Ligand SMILES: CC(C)(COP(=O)(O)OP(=O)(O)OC[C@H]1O[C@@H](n2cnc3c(N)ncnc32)[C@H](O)[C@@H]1OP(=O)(O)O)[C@@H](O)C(=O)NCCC(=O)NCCS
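To begin, one chain is listed below as structure tokens, in the form predicted alone.
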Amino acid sequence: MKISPLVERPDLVAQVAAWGFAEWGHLNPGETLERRVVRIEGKMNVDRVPVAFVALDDGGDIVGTASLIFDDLEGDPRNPWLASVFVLPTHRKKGIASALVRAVEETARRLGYSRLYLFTSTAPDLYAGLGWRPLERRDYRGEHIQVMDRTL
């Protein structure tokens, strides 16, 4: 497995956008797949936020993704955020999500950030196991979420 910045694999933008739209599109009212593609294209950086990463299997096929973004919760002043961590169900429990999280953490650290935030409705135990600290639970656009942080 290899973790790469998405900018190195622009051919994967459509797949990353499709996964994100299917998984979290309901949290962004009015978003379309086309708008999500444009947002993902904006994450093709390595020297500034936002940055998207892809996890590739030994054959070079995409099996996961994660991003470092500036804002993730509307109206929340904290930043930056680990966001859009997704691993194909057939590749879960193999350390891919952990590797993606570490890549985002390292990039945030390299860019000068000392703290990183995330929210999850499905995987607080995963992040807690990686050293993330729960901050608050709240309802966000119809979902019960856990907001967490990590000092880098």
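The first residue of the shown sequence is 1; numbering continues from there. Owing to the predicted nature of the structure, the values given are computational and were not obtained by experimental measurement.
Below, we refer to the form predicted in complex with the named molecule, which is not included among the displayed structures.
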Between the options A108, V85, V54, V51, which residue brings a heavy atom to within 4.5 Å of the named molecule in the predicted complex? V85
Listed residue (L126, V37, I69, M44) with a non-hydrogen atom within 4.5 angstroms of the named molecule in the predicted complex: L126
Tell me, yes or no, whether W24 is in contact with the named molecule in the predicted complex, where a contact means a heavy atom of each within 4.5 Å. yes
Using 4.5 Å between non-hydrogen atoms, is S114 touching the named molecule in the predicted complex? no
4.5 angstroms heavy atom contact with the named molecule in the predicted complex for G95: yes
Residue-level contact is defined here as any heavy atom of the residue lying within 4.5 Å of the named molecule in the predicted complex; does T122 satisfy this criterion? yes
